[in-house]
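As a starting point, one isolated chain is supplied in structure tokens, in the form predicted alone.
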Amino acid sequence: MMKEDTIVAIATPPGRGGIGVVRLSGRDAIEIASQLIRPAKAPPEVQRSALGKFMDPHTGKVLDEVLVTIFRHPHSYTCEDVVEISCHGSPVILRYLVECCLECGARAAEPGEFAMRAFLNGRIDLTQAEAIRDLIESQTLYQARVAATQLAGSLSARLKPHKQALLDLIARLEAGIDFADDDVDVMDWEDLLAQLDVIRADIETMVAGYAYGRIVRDGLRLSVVGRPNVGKSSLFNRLLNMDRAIVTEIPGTTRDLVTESASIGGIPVHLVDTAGIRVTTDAVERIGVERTHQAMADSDLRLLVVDTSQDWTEDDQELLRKTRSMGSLLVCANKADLPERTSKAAIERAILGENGEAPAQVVVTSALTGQGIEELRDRIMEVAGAVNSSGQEGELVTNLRHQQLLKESLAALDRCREATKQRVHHEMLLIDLYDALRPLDTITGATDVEDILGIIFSRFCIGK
């Protein structure tokens, strides 16, 4: 599937730097580079960096001293001939080198075209192509590690046995229908159910794991809410380990949303410090309160801050009711350094009194002294569903498209399971099995008809 044209682009970020790289890929990549680069030694060795000089094709003068690396197909990223020219990182030199390549017959690469050619030529599958973007955009080391393992094909490797199991089921049912006269054993109903359950169980686990995978990929949005002067901004600064929000003893200091990002457990957490919620006649503060309600609704997790040095109020109870109705909630019993008037047990009783159970955890903290902050960070990850089983990070479903396709496959498996229980004819079961296989193919790559025929004829020895 190699294309005929040769593409070129600057492969390093915009701006000045010590090194800048121009990449060529395609049939004429080596020929175009040889017209512009005079090698110190001829000919340059394949997959070895060689010193050369970038010559102005119009004047014949040396413009830069460069390093040239040649990769012959199929042993390159795109499975095509690839040349990488490392220049000094001057934007002028890099742009001019690209212009010279265009004059020599190359075409400017489209966004992502090198990765697309790698996919089209079989170097990487779709999950690996998507992992490249995640790796580039990672903000924490943990995100980078997850993307790197997916780039190595971990998600495809996890799905591979399920695809193979589906192919085996399809092949056995097809063989039983089409080659009934050749003494092919018809699959037992209980055996079919057992194999379907094995496939279903792991795909169901992967679908459920998307809640954590999405947080790993996109980060967690957390809003810090509460009445005025309960220590929201102080707690916000503690979680950031920096003085980002203004802190005073005057109620209503924060009147607008203050946002900042921090890494908690390797996960990017987008913290939002909000205006204290109260009834007010101040027009500016009222707008801040309205924005607070919007931030609460948009967040993945709400951190309700309560002042334990004050009595529990009806306003606290109303805030608890509102925040809990919006989704995941964590309660922070703050100002533990001051004499206590509202205990952790009293807060838990207030939560319990709402609906007979305690859906929100309570963490005792002091934003002033740092007491309980580490526990608070742990609870934030726990309540948000970010408790990952060790060793599984490379197999996380971090992409919404993948999750939707896995859900489609799971739904088809459920239909097949119910039909199997009712002893529906094998031809009808095959429809559901193909429907379960198709979404997995969309994630990892298509299954050919030859794959199924190969299993039938190699394993069942038809026609002997």
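Throughout, we count residues from 1 along the sequence that is shown. What you see is a predicted model; the values in this text were computed from it and never measured.
Same protein, other form: the form predicted in complex with guanosine-5'-diphosphate, not shown, and the subject of what follows.
Engineer: Give a yes/no on whether residue 230 approaches guanosine-5'-diphosphate to within 4.5 Å in the predicted bound form, heavy atoms considered.
Structural biologist: Heavy-atom contact with guanosine-5'-diphosphate at 4.5 Å: present for residue 230.
Engineer: Given that guanosine-5'-diphosphate is not shown alongside this chain, does residue 334 nevertheless sit within 4.5 Å of it in the predicted bound form, heavy atom to heavy atom?
Structural biologist: So residue 334 counts as contacting guanosine-5'-diphosphate.
Engineer: For residue 234, is any heavy atom within 4.5 Å of guanosine-5'-diphosphate in the predicted bound form, or not?
Structural biologist: Within the cut-off, so yes.
Engineer: So in the predicted bound form, is guanosine-5'-diphosphate close enough to residue 367 to count as touching (4.5 Å, heavy atoms)?
Structural biologist: Contact with guanosine-5'-diphosphate, yes.
Engineer: Okay, which stretch from 91-99, 153-161, 193-201, 222-230 lines guanosine-5'-diphosphate in the predicted bound form, with non-hydrogen atoms inside 4.5 Å?
Structural biologist: One stretch meets the cut-off, namely 222-230.
Engineer: Counting any non-hydrogen atom inside 4.5 Å, which residue from 132, 338, 346, 352 sits next to guanosine-5'-diphosphate in the predicted bound form?
Structural biologist: Result of the distance check: 338.
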